[in-house]
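A single chain, nothing else alongside it, follows as structure tokens in the form predicted alone.
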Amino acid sequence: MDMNTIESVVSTTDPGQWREGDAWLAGGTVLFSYGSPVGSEEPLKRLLDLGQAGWPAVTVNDAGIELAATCTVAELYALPISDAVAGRNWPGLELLRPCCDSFVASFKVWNMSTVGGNLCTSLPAGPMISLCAGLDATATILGRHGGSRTVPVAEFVVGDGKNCLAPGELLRSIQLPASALAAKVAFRRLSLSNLGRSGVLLIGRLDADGTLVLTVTAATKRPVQLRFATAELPDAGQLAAAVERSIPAELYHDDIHGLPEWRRAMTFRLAEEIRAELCGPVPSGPLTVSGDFWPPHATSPQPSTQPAQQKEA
């Protein structure tokens, strides 16, 4: 889209330079599609370009993984088979590729679209929101007056196209903790059409201490997390009751990609699948991937540096 109100593009990572009429620019895949940040109708005058930020896309250490907000989807997709995580006993890495594939986007989008941009766009179907919330990630946010703060990604998104960022604040990075990466994980996704936008996306996690964590996204306007301690692991009925209590009817998203009633029904169905998979006698084997990327009941494909689909987003 032509953005004919833009007067200048400023290369900066300093929130102190932000003023009314500005927008942060990373990959720009959404900004240039909408012509303005999602949820804003104000004409833009300047773009604050993060293209020369020079932030390392991925930093791996014993504490976990730090993703720069400017890390691209392509860089994230390559991480599970990279030397950076070689030898790490982190089953949670299995979630990275299915979440990237949930973009059902072309390689052109993958090479520009950023993890931070997907979080800041804050759409219910944002797969980087699903990934980061499901792994208990925290977001580091830079303020306009030199300070910074951290927010759990599960609380970063507060509604459809809405997040906790104040005007001018900049998402700097996302930290995926080693404790969550070391957990046994489960992934479920559904859409109404082949290669369609996610209508329901659930991530389950069984932590080392036996805690079951279920994160509901795409079906809801914001992420919803349910936690069950080892001594309180639910049966099917208890899980259904907990989902019912945690997600009121008005929180289910409603758009062309799925009616609230369908999203609700599929949330209950996929939540039970995850409970049965993770709370069985001995969770084992590769990650089960549902959705429309691969044939039904298929597991993750062999490592590849290309997206599973070559369809435009």
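Everything numeric here is computed off the predicted structure, so don't read it as measured data. Numbers follow the displayed sequence, beginning with 1.
The same protein also has a form predicted together with a small molecule, omitted here; what follows describes it.
*Asks:* Taking the small molecule as it sits in the predicted complex, is residue 126 near enough to touch it, meaning that at least one heavy atom pair lies within 4.5 angstroms?
*Replies:* It does: once the small molecule is placed as it appears in the predicted complex, residue 126 has a heavy atom within 4.5 Å of it.
*Asks:* Is there any non-hydrogen atom of residue 138 lying within 4.5 Å of the small molecule in the predicted complex?
*Replies:* Flag for residue 138 set to no.
*Asks:* Whether residue 50 contacts the small molecule in the predicted complex should be assessed with a 4.5 Å heavy atom distance threshold; does it?
*Replies:* Yes.
*Asks:* Since only the chain is shown here, I'm wondering whether residue 223 would be in contact with the small molecule in the predicted complex (any heavy atom pair within 4.5 Å).
*Replies:* Contact check for residue 223: no, nothing within 4.5 Å of the small molecule in the predicted complex.
*Asks:* Which one of 92, 204, 117, 199 is close to the small molecule in the predicted complex, taking close to mean a heavy atom within 4.5 Å?
*Replies:* Selected option: 117.
*Asks:* If you check 266, 60, 31, 279 against the small molecule in the predicted complex, which one has a heavy atom within 4.5 Å?
*Replies:* Of the candidates 266, 60, 31, 279, 31 is the one lying within 4.5 Å of the small molecule in the predicted complex.
*Asks:* If contact means a heavy atom within 4.5 Å, which one of 79 to 87, 235 to 243, 207 to 215, 165 to 173 is the stretch that engages the small molecule in the predicted complex?
*Replies:* Of the options given, it is 165 to 173.
*Asks:* Looking at the small molecule in the predicted complex, is some heavy atom of each of 98, 186 and 288 within 4.5 Å of it?
*Replies:* Judged in the predicted complex, none of 98, 186 and 288 sits within 4.5 Å of the small molecule.
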